[in-house]
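First, one chain by itself: the form predicted on its own, in structure tokens.
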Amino acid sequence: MTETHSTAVRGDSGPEVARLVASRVLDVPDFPKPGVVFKDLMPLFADGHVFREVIDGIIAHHGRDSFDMVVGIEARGFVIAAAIAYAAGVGVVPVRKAGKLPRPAYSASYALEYGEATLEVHQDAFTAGHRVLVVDDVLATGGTAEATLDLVERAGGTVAGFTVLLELAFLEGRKRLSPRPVHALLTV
């Protein structure tokens, strides 16, 4: 069967990787509130073969030697970051919700649909000039990603790249992050 424009899958690493990610995303209607369709990526994480292909694809896209550290955004970003860091032989740093880190931390607040959220990273997380690959599961409005990229830079790191498994293009988060490049394996 030939793909039509309405059924074509797309992503920054090509249609094959996009199809692979799409095959493991479950839509959960009315979660966390009525009218929202939650994109559940847990089936992707649970499928060892697919998870390995996704991690290898992210590393191949950026190049194994293009980053010295991986940052994962709480909480599903931790899973992705740890796997990339292990495969690439580099360290991993978590960006956490406020109040979860035990040592002095930089913080960044950003607007949510109803209220505000704050993220933190340890002040000593990076050595000046560390090239940092930032990863998360989903890019929506871009608030979380923007706050994280700013935190990495405030802590002395240099953003080497930003990757998500799934981008919700209709929320235009990529525009908010410009001119920083965004790499999304699947864009819907």
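Note that the coordinates shown come from a computational prediction; the quantities given were computed from them, not determined experimentally. The first residue of the sequence shown is number 1, and the count goes up from there.
Unshown form predicted together with a small molecule; subsequent notes refer to it.
- Note on the partner interface in the predicted complex: the residue among 158, 66, 141, 123 having a heavy atom within 4.5 angstroms of the small molecule is 141.
- Contact annotation: residue 168 falls within 4.5 Å of the small molecule in the predicted complex, judged by heavy atom distances.
- By the criterion of a heavy atom within 4.5 Å, residue 37 is counted among the residues contacting the small molecule in the predicted complex.
- Annotated contact segment (heavy atom within 4.5 Å of the small molecule in the predicted complex): 37 to 45, selected among 56 to 64, 149 to 157, 124 to 132, 37 to 45.
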